[in-house]
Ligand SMILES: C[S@@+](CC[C@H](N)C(=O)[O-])C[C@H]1O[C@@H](n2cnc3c(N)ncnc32)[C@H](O)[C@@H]1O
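Have a look below at one chain only, the form predicted on its own, in structure tokens format.
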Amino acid sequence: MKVYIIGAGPGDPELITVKGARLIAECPVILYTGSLVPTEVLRTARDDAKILDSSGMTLDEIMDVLREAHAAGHDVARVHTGDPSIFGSTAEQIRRMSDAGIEYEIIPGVSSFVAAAAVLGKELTLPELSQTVIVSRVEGRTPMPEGEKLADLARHGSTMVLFLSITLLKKIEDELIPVLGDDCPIAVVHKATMPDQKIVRGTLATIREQVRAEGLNSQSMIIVGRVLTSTDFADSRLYATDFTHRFRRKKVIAKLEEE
């Protein structure tokens, strides 16, 4: 018996991995986060599968389901949204499964932050502008560790991706404007890749009112950084005519010799 912790992707049911879809089709028990994972993701489930929505369960109740399946020798598809390794609330389940001797395997998924970048049509790392992506959240009911306050992270000047922070835009303004400037670009993507997806683009000075006008207060990804609007960034060296690597070395050397 094994529990498969499956990343279902950002919402579009076609963005689940082939392996994730196969396991959902095979497992006799499916425990999914119904508040975030669309039921279309479960369309491959077998007719006799026991399907349970964990959105209203406590951790103890989730573990009761896993222990019962373990005792019966039934594999479980534990289906989470996005990718389980990023704000997935999976670590506490893994800790308890380890204590209970329940074997598990993590199946990665498409994270909502890369889905947001995709629907924005943007690359988050641009040469000589930002080569780092900081994935974090704004401090709310869950305190941030020392050194990970929003202003501390912003001083790097890197692209910032903020989960679980759509209701804290005032705090984002207050902490980021002194560091990045009120003209710094920001984008909010609500339900990326889903039919009711919404995109709001603005600056740190304007975004709060723009989001309020759209009525967005949940399931939204926030991306902050100059990569969102820059058009004069340097080209990557990867495809430069004088840049050699093991796949292009002979071709580049031959061209240089001709010259």
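Just so it is clear, the model here is predicted, and its values are computed rather than measured. Sequential numbering from 1, following the sequence displayed.
What follows is about the form predicted together with the named molecule, which we do not show.
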Revision key, fill the gap. Partner-free chain; cross-checking the named molecule in the predicted complex, the single residue of 41, 27, 221, 31 with a heavy atom within 4.5 Å is 221
Practice item. Please pick, from 194, 199, 57, 205, the one residue with any non-hydrogen atom lying within 4.5 angstroms of the named molecule in the predicted complex. Key: 194
Check your understanding: Using heavy atoms and a 4.5 Å limit, would one call residue 112 a contact residue for the named molecule in the predicted complex?
Key -> yes
Exercise for review: Report yes if any heavy atom of residue 160 sits within 4.5 Å of a heavy atom of the named molecule in the predicted complex; otherwise report no.
Suggested key: no
Check your understanding: Heavy atom to heavy atom, is residue 175 within 4.5 Å of the named molecule in the predicted complex?
Key -> no
Review point. Looking at the partner-bound form in the predicted complex, is residue 81 within 4.5 Å of the named molecule by any heavy atom?
Key: yes
Exercise for review: Specify the contacting stretch among 41-49, 230-238, 212-220, 57-65, defined as having any heavy atom within 4.5 Å of the named molecule in the predicted complex.
Suggested key: 212-220
Practice item. Would you mind checking 31-49 for residues with a heavy atom within 4.5 Å of the named molecule in the predicted complex? Key: 36
